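The chain below stands alone, shown as structure tokens; this is the form predicted alone.
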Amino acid sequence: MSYNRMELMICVAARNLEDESIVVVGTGAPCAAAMLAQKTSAPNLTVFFEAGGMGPQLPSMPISVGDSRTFHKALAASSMPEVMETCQRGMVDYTFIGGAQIDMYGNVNSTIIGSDYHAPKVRLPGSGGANDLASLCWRTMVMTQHTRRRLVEKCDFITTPGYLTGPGAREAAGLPAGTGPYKVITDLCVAGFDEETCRMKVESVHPGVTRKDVEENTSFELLWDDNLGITEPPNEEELRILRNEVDPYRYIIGRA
């Protein structure tokens, strides 16, 4: 069955969300992944939204984290401070973030492009809640297009900390031990992070993608898993649910 790269990324992300876990998501592809996970492999997944929706039963794709649908049949209609406090208490398993740049240690930039903060080449939206969420949730996942401009040797600005400069750096900065980047899901591959060096390590390449394709679209040296695999493509049931129930109007999957 044919599929596009956005559909592949969403299906892969959904499979990485464990049943009976908690995830904080924004709108867009992360929300689609969480909704798909609830309808397939993780029916007891609890979804939080930054604006305060805790455990809603989403009737359809929300257009913002404060959309009234993020409170539909929820466990609680709380507030942003309460969601962030829950993360700070170590109760949230996963979060998703995105940005313009990510480096080998999983640091993310969504603030500026350029070396001068006060006069950048491009000024981006900034952190939102990304810094707080990736600092406090146990596992951070990133979904991004795979280009040399996005996977960079050094971020122009660190909006959201990954493993900073390597082993021990997060803890030295005062962030909770055991937290940090978990998966980077791109339109070319799936990467994790090496336990010893904290560097990005490719675990699988997508069907039809070669190691050379990935390397040519990355601005730093990647590590490669000894058991490098081929990403399992979306199956017919995943695509049916994603297209008909999660995103029937193609708000997200139509962006491929």
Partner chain sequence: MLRATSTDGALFVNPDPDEAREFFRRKSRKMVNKVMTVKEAVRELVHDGDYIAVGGFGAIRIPTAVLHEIVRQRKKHLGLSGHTATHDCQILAAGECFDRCDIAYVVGLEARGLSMASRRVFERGMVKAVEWTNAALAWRYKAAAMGIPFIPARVMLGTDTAKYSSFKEIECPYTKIKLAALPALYPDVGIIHVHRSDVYGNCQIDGIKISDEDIARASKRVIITTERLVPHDDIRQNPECTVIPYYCVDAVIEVPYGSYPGNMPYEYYSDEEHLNEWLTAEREGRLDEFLEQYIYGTEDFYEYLQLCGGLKKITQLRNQEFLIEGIYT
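Numbering follows the first chain given and starts at 1. Just so you know, these numbers come straight off a predicted model, no measurement behind them.
The form predicted in complex with its partner chain exists for this protein as well; it is not shown, and the discussion that follows is about that form.
Check: Is A51 close enough to touch its partner chain in the predicted complex, meaning at least one heavy atom pair within 4.5 Å?
Finding: Output for A51 is yes: heavy atoms within 4.5 Å of its partner chain.
Check: Looking at the partner-bound form in the predicted complex, is V202 within 4.5 Å of its partner chain by any heavy atom?
Finding: Answer no; every heavy atom of V202 is more than 4.5 Å from its partner chain in the predicted complex.
Next item on the list: State yes or no: in the predicted complex, is some non-hydrogen atom of T186 no more than 4.5 angstroms from a non-hydrogen atom of its partner chain?
Entry: The answer is no: T186 has no heavy atom within 4.5 Å of its partner chain.
Item checked: Any non-hydrogen atom of T160 within 4.5 angstroms of its partner chain in the predicted complex -> Output for T160 is yes: heavy atoms within 4.5 Å of its partner chain.
Notebook entry, point to check: Looking at 39 to 47, 53 to 61, 203 to 211, 221 to 229, which one sits within 4.5 Å of its partner chain in the predicted complex if you count heavy atoms only?
Noted result: Answer to the contact question: 53 to 61.
Item checked: Interface residues of 110 to 129 toward its partner chain, as seen in the predicted complex [heavy atoms, 4.5 Å] -> T111, I112, S115, Y117, H118, A119, P120, K121, V122, R123, L124, P125, G126, S127, G128, G129 sit within 4.5 Å of the partner.
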